[in-house]
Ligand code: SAM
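This document opens with one chain alone, in structure tokens, the form predicted on its own.
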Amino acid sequence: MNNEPLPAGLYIVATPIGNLGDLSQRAADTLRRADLILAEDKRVTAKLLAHAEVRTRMRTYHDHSGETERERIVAELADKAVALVSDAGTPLISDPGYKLVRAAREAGHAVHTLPGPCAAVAALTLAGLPTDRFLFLGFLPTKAKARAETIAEVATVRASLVLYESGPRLAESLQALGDGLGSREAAVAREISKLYEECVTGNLAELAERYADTPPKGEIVIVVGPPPAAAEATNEQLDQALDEALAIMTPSRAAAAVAEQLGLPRKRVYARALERGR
């Protein structure tokens, strides 16, 4: 066991999202050797520290911590090793912390990250949906209008969507996602890494119906597949769009506009525009 003090700086430490056995040896060692641990909820983190036999003192740092507390911490980084943890998973992912990291960097202090569990990424590995591109949305707004607006903003994004949700709001959120995105494939992952881990798949309407009368317990992640690929425009559709654009634009600008409109390669559209413009 390394008992040497850690170099001064801020250490971002990922902690288990369920199974305490997922705490890495490096993370445990860092928490043990740090001068101070910043925790969202000291009662939650105390259970982890007891499991890892860590006795480092803790202080609360969360969404409601003000600028004065942040300045106090940044000042301490000059000669102390401070570890930042969230209640579960990777700090700063739908958790407080980015303002502290930014302030620490601006003050010239070292910032280190100890990667580890993240519920959003873990759910992606369970869902069986495309993972080459994904967009993390955190929690949807509580109010219906704001929620619908948020969903509308991402409706055309060609990527899987990842969201956090609570049991009581799950069915309502799934219904709102279905209303805004259509019949897309989706997955609901819960209790990841715990004894009763499950991942239920189906389309959004099916999942909304499943959970309408039986809100599940535990931490929940929703993964929604990307929109279906649009059918490629035919030559006739391309020519019609180009003829309309060429009536008011140069071939170059017409090609750019039509390529974006139909989702076609600009090079191909430009070549066709030159032919039609003769």
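All values reported here derive from a predicted model rather than from experimental measurement. Residue indices: 1-based, along the sequence shown.
What comes next is about the form predicted in complex with this ligand, which does not appear here.
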Q. Picking from 192-200, 68-76, 98-106, 174-182, which part of the chain touches this ligand in the predicted bound form when contact means heavy atoms within 4.5 Å?
A. 192-200
Q: Let me know the one among A254, I17, L10, V13 whose heavy atoms come within 4.5 Å of this ligand in the predicted bound form, would you?
A: I17
Q | in the predicted bound form, the residue from I151, A119, L137, V82 that sits within 4.5 Å of this ligand by heavy atoms | A | A119
(Q) in the predicted bound form, does A159 come within 4.5 Å of this ligand, counting heavy atoms only? (A) no
(Q) I'd like to know if S94 sits close to this ligand in the predicted bound form, meaning any non-hydrogen atom pair within 4.5 angstroms. (A) yes
Q: Give a yes/no on whether V224 approaches this ligand to within 4.5 Å in the predicted bound form, heavy atoms considered.
A: no
Q) Is there a heavy atom of A88 no more than 4.5 Å from a heavy atom of this ligand in the predicted bound form? A) yes
Q: Let me know which residues along 203-223 have a heavy atom within 4.5 Å of this ligand in the predicted bound form, or say none if there are none.
A: E219, I220, V221
